[in-house]
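Quick setup: one chain, the form predicted alone, written in C-alpha cells, and binding and motion questions come after.
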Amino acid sequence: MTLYRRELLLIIPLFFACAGENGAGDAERSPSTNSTMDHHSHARPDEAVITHLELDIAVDMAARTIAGTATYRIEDHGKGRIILDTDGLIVEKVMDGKGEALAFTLGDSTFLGRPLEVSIPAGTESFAVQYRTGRNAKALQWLEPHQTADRKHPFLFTQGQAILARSWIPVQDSPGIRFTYAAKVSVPDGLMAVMSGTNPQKPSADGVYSFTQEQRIPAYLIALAVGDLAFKPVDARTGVYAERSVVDNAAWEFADMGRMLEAAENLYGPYRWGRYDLIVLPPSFPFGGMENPCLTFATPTIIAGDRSLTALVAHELAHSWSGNLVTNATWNDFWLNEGFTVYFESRISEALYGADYAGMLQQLGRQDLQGELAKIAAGRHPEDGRLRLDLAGRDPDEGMTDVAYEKGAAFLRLLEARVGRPKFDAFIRDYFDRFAFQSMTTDRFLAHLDEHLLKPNEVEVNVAEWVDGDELPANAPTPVSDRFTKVEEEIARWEEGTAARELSTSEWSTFEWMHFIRHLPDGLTEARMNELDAAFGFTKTGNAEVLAAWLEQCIRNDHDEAFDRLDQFLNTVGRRKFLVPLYTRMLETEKGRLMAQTIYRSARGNYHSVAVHTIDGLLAWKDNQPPVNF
C-alpha cells in the first residue's frame, strides 16, 4: 500500500453532495447545494465544479493511448481556480472558451495522482484541456488479439471505480460530484465503441461514434469499450454486446434481462436510464460486473450455458437505483451502494425464481461474509469490518470488501423484518424517489432512516452496532434455504461410505454445487478427490463458480491432477473474486507459494491494474523477480 502524505490533509477538498432533502433530484438543480469531505479527490467544488463534460478523443490501439480534448461547463464561485484530478495524464494545453491559453499547474504525485489546478477568471463558464493518456493508465486494459475470444482484433475497456477515471480523463473524480456528459470517439476501422450512455447498435462506417449521457453521474461511471463487437437485442429495452463468437450465447444466457427489469420496476419504481444493455468483456475484466449506466460491463465467467449465474445481472441492474441513482457520497459510504444493491438483487431473484433461490444466494453471501470478517479481524485494519469506513490515506479499493455488500444487505433485511416488508418497500421506494440523482452520506441516510422509518413505526434498532461495529451483530437475520440442508445430507452420506455417483444430485443448481464443494470434509485423500472428480467432472466444468470452488479444494488437499487446470484458469481469467482466494490458498504452504509465484509470473500481464494491485500486494510482488524453480 502506498503511504499517505500527511501534508495532503491540509489541501484535501470539499465536494458537493447534490441537492436538498425534498423531492426527486432534477437536472436543473444546482450541483453544489451541500458539501462533505472526500479524502480521495483533489477537487474543490466549493470553488468551482463541473456541470457538463464534452469529450472529443481518438483511441490509438497500436500506441495504446487516448488523446483529445475534454471541454467542461462549470459553476464558478469566483475563487479564481478550478482543480481536477489526474493520474499519469500528459496535459498539453488548457484553454478558455475562446481558445486562449489558461495558466495551469500539476501538483506532486501521490497515490491519488496529481491535482491539475487551472487559473480561471471570475465568471468563467467553460474551459478545455487538451491531453493524452500515459502508457500505463490504470483505468485502461489494452488487449492483444490473442487475449480476446475471437483472436482477430485488439480490445480496450475502461474501469473507473474507485479512483481510476482520473487516469484516462482529467476530471473531478469524486462520487459526490455529478455531471452530464457527451463524447465523440474515433476508433480504428472495423472496431466499434460503446459507452455508459446512448449507444450504437451497428458499426460506424467512418469509425467515429457519438454518445450522450443526459443524467448527472459521477466520474467513476464514465466507461468506454472498443472492439470488434456485435449487438443482439433481448427485448425492446434490453440487449447484449459481445465479440461475434460470443454474442449469440450471451443473448441466450441473459434472456431474462427484460423480466429482471420489470421486476425491479415493480419493486422500486421506474427505470430512469433509457435502455439497459450489457456488454460481455474479455476474461481479464477484474470484476463480475460493473454497473456503468445504460451498459453493464460483465465478465464472460457468468456465461455457464444454463443461465445459472445470472444473479449477477440482477445485481448490476439493481445498481441502476442503488449506486447510480442514489450514490455513495464518498468511498467511506460504499455500503450505501452495495448493501442496498445486494438486498435489491435478492428481491429481484426472489420475484423471478422463488424464495429458495434467493435463500441460497443469501446463504452463500453469508459464508463469504464470515470468511471476510475473520480475515479482516486478523489483519492490519480490523475497523474494516464496519459499514462506515475510514479510508483516509488508503486506496479506497482496499475497503471494497464483502462487508459493504453482505453486512449492508443483512442490516436492511433486519430493518425489513422489524417493520414488515410492505412498510420497508414503501420506505425504499420513497428513498430512491426522494434522493434521485443525488449523493448520500451515511450520516444523512441514518437521519433519514430514523425520521422516516424507525420513529414512525416505533421501532428501536441498535444502528451504531451495525454501522460502527467491527463484527456481524448477533441479531443479523439468518438466511434460510432447505435446499442447502439437503446438500449437507448428501455430504454426510458420502462421508459414511455412499459412492459419489450414487448421491442424489441430479437436480442441483450451481448454488448447491458450490455449497457442496465448500463444505467437503478436511484432509481428503487423492483417491477421494479423484472419486469426486470422476463422478461430477469438476476439473473440466465450464462453470467458473463451481470450478473456482473446486480448485480451492484441490490446493487445500494438494490434488496435483488439477494443477494444470489451475494454471490455465489463472492465466485466462482476471476476475478478482476468483484470483484472491486461489492465490491466498496457495500461499498457505511453501509448495503453493512457489506455484503461485510461477503462475503469476506468466499471468500478470493478462490482468487489469485493479487485479495486479491486489495480487502484487498479496504476493509482495516486485517486478523483475528472479525465476522460481518449481
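Predicted model, so just to flag it, every value in this text is computed and none were measured. For every residue, the number given is its place in the sequence shown, counted from 1.
From this point on, the text means the form predicted together with a small molecule, which you will not see here.
Within 4.5 Å of some heavy atom of the small molecule in the predicted bound form lies at least one heavy atom of His315. Residue contact check for Phe127: none of its heavy atoms lie within 4.5 Å of the small molecule in the predicted bound form. The small molecule is not drawn, but in the predicted bound form it has a heavy atom within 4.5 Å of Tyr405. Among heavy atoms of Ala225, none comes within 4.5 Å of the small molecule in the predicted bound form. Note on the interface: of 461-469, 281-289, 184-192, 144-152, the segment with non-hydrogen atoms within 4.5 angstroms of the small molecule in the predicted bound form is 281-289. Screening Gln362, Ser167, Gln438, Gln161 for any heavy atom within 4.5 Å of the small molecule in the predicted bound form leaves a single hit, Gln161. With the partner omitted here, the residue from His319, Lys138, His515, Arg178 that has a non-hydrogen atom within 4.5 angstroms of the small molecule in the predicted bound form is His319.
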